[in-house]
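Presented below, as structure tokens, is a lone chain in the form predicted alone.
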């Protein structure tokens, strides 16, 4: 039987076409998808598509939209073998990370892809990205999906979604996964890195739709002032703060800085230490400049990306009873987001 793949168009460059009269970019109708990509007719895949009623630019991505995508997947989960989500690249890593936490016990592929150039342009990277993403979403071995996690496919590489970071706005190779190996590479053949792929769940899919967006990011830099730090730490209704630190989790050891963090923690604010580096991990206590964090209760984020930390915090805050439970979840590897 043919594999069934559902395309979900949220918006983004990949779905844009140039209007012949005005020259402006506008979303094209996915009913005419095969007119733009006739290669899809050669697939031995049963394709269907749904689109957001009002496609959005990925810069406008919100947790409410993640919930909408998750519900679309839940509604169609038993009907298809895999999903391809067409999404703007700017916030794709955030969405992939969020979906990885929201879709518990996933046993089917959810592949996000997009493009740097609109699919209607001659040099677009969108065609290859879409074609291969569909092929991966439909791929099976012994009747079971080869991929059973939330991924990003971009420019011949398949990545674990919650391990990615968009690092380039100019090149077609827009994403990196510095702390986790590539899951597959597309060349003459599609080569899967089987040992790196998540094992499919034998449990029923559980979709979480509760997220708490009351978080903030405090990125340290040389010369950061006490006023700035206090403004972020004391922000109203903020439940957790990602502390973006230097290197392996280091920051200023000035007395006022440590005291400000401790005061926030004592008030119940979670501080999550994440490195500013694209590669490597937070190791609190490795240097004297991070030893104080461990003492006052800052939680080390290991090698999690900032994008995944944002999504994980929103998920954990909404799905834990108290800070002790939240801390346990933050330190745990829930969906392959930390080593």
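Residue numbers count along the first chain shown, from 1. Remember, predicted model here, so these are calculated numbers, not experimental data.
The same protein also exists as the form predicted in complex with a small molecule; that form is not shown, yet it is the one meant from here on.
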- [ ] Go through 58, 302, 36, 306 and name the one with a heavy atom inside 4.5 Å of the small molecule in the predicted complex.
- [x] 58
Task: Among the candidates 95, 89, 245, 164, the residue which, in the predicted complex, approaches the small molecule to within 4.5 Å (heavy atoms) - done: 89
- [ ] Work out which of the listed stretches, 111 to 119, 201 to 209, 76 to 84, 137 to 145, brings a heavy atom within 4.5 angstroms of the small molecule in the predicted complex.
- [x] 111 to 119
